[in-house]
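Okay, so here's just one chain, in structure tokens, the form predicted on its own.
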Amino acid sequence: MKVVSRSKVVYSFSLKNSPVEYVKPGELIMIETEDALGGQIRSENYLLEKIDWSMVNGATGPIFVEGAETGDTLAVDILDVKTADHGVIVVVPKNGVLSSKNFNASVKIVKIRDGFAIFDRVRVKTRPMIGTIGVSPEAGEIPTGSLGRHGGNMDVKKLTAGTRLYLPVFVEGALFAAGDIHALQADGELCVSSVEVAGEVLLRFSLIKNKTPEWPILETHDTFEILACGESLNEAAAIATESAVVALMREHGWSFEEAYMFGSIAVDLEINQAVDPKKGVRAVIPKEYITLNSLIK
């Protein structure tokens, strides 16, 4: 098994980033990650104005997946996500869903014990997940703090061990990177931070040749989920809805109107995060109504 150190970090998804490791499809690889705040906060007395924001939301990589070519799909099996024994949550003025309110900067260190995050005297069961995960775009640079068709900072709480993510491949080798592990996160990530932790992610890659999804697709035990984004939640919801309707049309041979109606009774729209410059919404389709072939073309 190959291991990539958390010291191999990038702050953008880009063809300009040189691979730090090469991996074959089917080969196991362990990625070590730093917390999304760059490991800078060690105490609740830390002053947020001291943060070096250029070190925030780094991703370990990029990893060159042998055989991946433009127009393919990179399938990423998340086999395990391990976290450190503590994490940090921050509140930053003028950020988050309630950014218009007046509030103070604040830091909380959260201990993780026996599968629970300890928030004051309240214990919350952890569900380690990957916040940032993606591939290089065809050209240019996309900051690791943003999201898009390439993946990126999607903050999907379901990106946990036992799930699979399908990403479009835009460049040779895909140039995959991941980071920003959360010990747990609720949909929306209201205050712009969750329990940010360092950790380790065990992955295995495979390829679907000559077919690619329009948007990243998450596969869980029961669902396929289209991970869309937009400049607003309304735009993100519309994009996710249209992608789901088109997939249902392809699957069942329905007209637009029929697929649109069916979506109202079978497709859930769920919010990933509502706090980054781009907002994330996923269209959740039960597997009994859709197949992967209708989502990746």
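All values reported here derive from a predicted model rather than from experimental measurement. In this text, residue numbers run from 1 along the sequence as written.
FYI, the form predicted together with another copy of the chain isn't displayed, but the following is about it.
- Although the partner is absent from the chain shown here, Ile89, Asn104 and Val122 each have a heavy atom within 4.5 Å of another copy of the chain in the predicted bound form.
- Of the residues Gly145, Pro137, Gly96, Gly173, just one reaches another copy of the chain in the predicted bound form with a heavy atom at 4.5 Å or closer; this is Gly96.
- Here is the short version: of Glu219, Asp187, Asp77, Glu200, the single residue with a heavy atom within 4.5 Å of another copy of the chain in the predicted bound form is Asp187.
- Stretch 241-249 is the answer when you ask which of 241-249, 64-72, 22-30, 51-59 has residues with heavy atoms within 4.5 Å of another copy of the chain in the predicted bound form.
- Though the partner is left out of this view, Val195 does reach within 4.5 Å of another copy of the chain in the predicted bound form, counting heavy atoms only.
- The closest non-hydrogen atom of Ala161 lies beyond 4.5 Å of another copy of the chain in the predicted bound form.
- Shown alone here, Asn234 lies within 4.5 Å of another copy of the chain in the predicted bound form, counting heavy atoms only.
- Within this chain, Leu47 is remote from the site of another copy of the chain in the predicted bound form, having no heavy atom within 4.5 Å.
- Residues are counted as partner-facing when one of their heavy atoms sits within 4.5 Å of another copy of the chain in the predicted bound form; in 251-267 these are His252, Trp254, Phe256, Glu257, Glu258, Tyr260, Met261, Phe262, Gly263, Ser264, Ile265, Ala266, Val267, in sequence order.
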